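Here you get one chain, nothing else, as structure tokens; it is the form predicted alone.
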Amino acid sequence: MSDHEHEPRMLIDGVLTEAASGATFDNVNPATEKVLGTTSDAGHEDMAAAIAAARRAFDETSWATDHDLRTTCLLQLQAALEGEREELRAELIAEVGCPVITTYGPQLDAPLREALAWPAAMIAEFPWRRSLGPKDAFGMGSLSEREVWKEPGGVVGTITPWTFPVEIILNKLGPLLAMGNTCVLKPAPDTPWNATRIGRLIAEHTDIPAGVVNIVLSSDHALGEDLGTSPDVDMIAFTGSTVTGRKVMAAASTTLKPVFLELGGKSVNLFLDDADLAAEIGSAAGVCFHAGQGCAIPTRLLVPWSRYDEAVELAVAAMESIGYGDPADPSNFMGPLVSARQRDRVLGHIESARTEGARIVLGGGIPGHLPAGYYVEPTVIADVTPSMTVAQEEIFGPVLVVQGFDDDDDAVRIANDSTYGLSGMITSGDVERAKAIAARIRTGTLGINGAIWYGADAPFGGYKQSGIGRQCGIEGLEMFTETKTVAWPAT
């Protein structure tokens, strides 16, 4: 198979394979609504084989203990991905519908730089053992030397979404493999080929032992429950919606396995009263980035009531300037929604805003000038109160809701009036004032005055119903370890 062709097969126990049933499902281009091709459609038999392979690889190979092998293999995969970077870029644009401009940032190039390389480097630096020093624990004159050991967690069931698929897959695989785990990855069926490409590269270009990484594709979202309920899976790492996250957690509870959940968000873009609105409010149009299909995108614009009308006018102008359409066109900042279902969901939220009394000041429908594709117009909704559905629920589309506040305390109250707590932005003429506000907002990440927190070394995750645990950073490595305390007689 040429590197330029898509890979329809799964990776199970080191072998690229079709589904046992022979079933396939279509991969649809969301910008054209045309079928790109097919992918193997796994069933329970395939998932069971993948879990068994991952269990065997963890229990019977040296993967969990061989630091040098893990370092080598992660760097091999890094090199293999770089070798097919442009093919992967085109594939992402076609199956995800992400604008090409996004692939030079978080869709591809940014994670490719460090999502594997940083964890690989950390294998040698990670504090695998920590001395507690000698202690007479019971005061009976008997000294014990004590150490804390960090060990791989075991088999990790990994479930990833269609939003930023390569970014999320690599930021799962890098840490969990670096820490010595094996895994079964179930990617979203909406965007399968980037995952199957990674599987082929693992099989053909790395020394990763058979069974260490298994990639199982299925059109059945419920197949992921097999990972949660299997006693041979030690942990679940999931990125996706909060609704699905609850189901994942429930399935994992049957065997009391730990979960890492990176879930939804309803993040604020907060402008304090000393901000330069005219110069800075263009950031509000960031809600159109990847058509708003990002959990950390700030979708609630919070502005002082004293400047509310000005802010709405400036936000509308910023959103009107957004180019959208064919994601392969470099001039377009926004592409389609990933599916007809997602488009209809977004339109339903916009209609709920109308019904609840908000004002649609821009967009709100399907663009008439595009002949095909799952597009929604860049939309601005004003006069939004905190109790409205669009102020509380994650829309996941190019929809900006504008809310007003009285003072800093009111802004903090509105920002925290959410079941979510994933990310956000604060703009102010005074960085120290913005930091003081940041300390009061209950969210996992915050950017002040346009600064960006992202990186393989930066822990990412949320408060409240935005998730459990952290991805990336030292905290993200520790997520994939177990802790053992060991003592022996002091000499």
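Residue numbers here begin at 1 and follow the sequence given. Bear in mind the structure is a predicted one, so any value in this text is a computation, not a measurement.
The protein also exists as the form predicted together with a small molecule; that form is not presented, and the subsequent description refers to it.
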Looking at 122-130, 259-267, 312-320, 363-371, which lies within 4.5 angstroms of the small molecule in the predicted bound form, counting heavy atoms? 259-267
Can you work out whether residue 111 and the small molecule are in contact in the predicted bound form, taking contact to mean some heavy atom pair no more than 4.5 Å apart? no
Close approach of residue 460 to the small molecule in the predicted bound form, 4.5 Å, heavy atom: yes
Heavy atoms within 4.5 Å of the small molecule in the predicted bound form: does residue 405 have any? no
4.5 Å heavy atom contact, residue 188 and the small molecule in the predicted bound form: yes
The small molecule in the predicted bound form reached by all of 163, 222 and 238, non-hydrogen atom within 4.5 Å: yes
159, 213, 92, 376 - the one with a heavy atom within 4.5 Å of the small molecule in the predicted bound form: 159
Among 193, 118, 289, 396, just one has a heavy atom within 4.5 Å of the small molecule in the predicted bound form, namely 396
